[in-house]
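Here's a solo chain for you in structure tokens, the form predicted alone.
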Amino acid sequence: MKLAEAVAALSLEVEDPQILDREVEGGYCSDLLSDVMAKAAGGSIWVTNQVHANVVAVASLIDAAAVIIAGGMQPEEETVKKAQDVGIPLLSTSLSAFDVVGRLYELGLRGTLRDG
């Protein structure tokens, strides 16, 4: 699935609409950065409630397809700038993380884990 399809289906707010053509391989949901670094597979949409710039660093490290900030949380200005600088799509929604994951599942995405 293309990232743009998930954005449209969930009515996500987009910080940089020019980078939505990436293919999404699956998803991962966690607020624990070390957990995401250890387990999330590249090409995944990462769902979190975290809003600080370290989210972008971790997303870049794992080669995330995008980060969805759930629960009505708004990314910090530094986070938005860093995401734009490194080309990580930063999306947000008022939906809870639970609802986001459920809707992504309904769209056909499945959880993915890093090999090894």
Partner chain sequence: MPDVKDVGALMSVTYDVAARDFVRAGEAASKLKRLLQQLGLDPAVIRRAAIAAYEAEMNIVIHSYGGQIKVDITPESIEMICEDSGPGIPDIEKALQEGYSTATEEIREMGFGAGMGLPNIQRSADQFRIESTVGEGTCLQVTILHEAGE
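For clarity, every value in this text was computed on a predicted model and none was experimentally measured. Residue numbers count along the first chain shown, from 1.
What comes next is about the form predicted together with the partner chain, which is not displayed.
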query: A65: touches the partner chain in the predicted complex, heavy atom cutoff 4.5 angstroms; finding: no
query: Proximity of M73 to the partner chain in the predicted complex, heavy atoms at 4.5 Å; finding: no
query: Heavy atom of V47 within 4.5 Å of the partner chain in the predicted complex; finding: no
query: The partner chain contact in the predicted complex: V36, any heavy atom under 4.5 Å; finding: yes
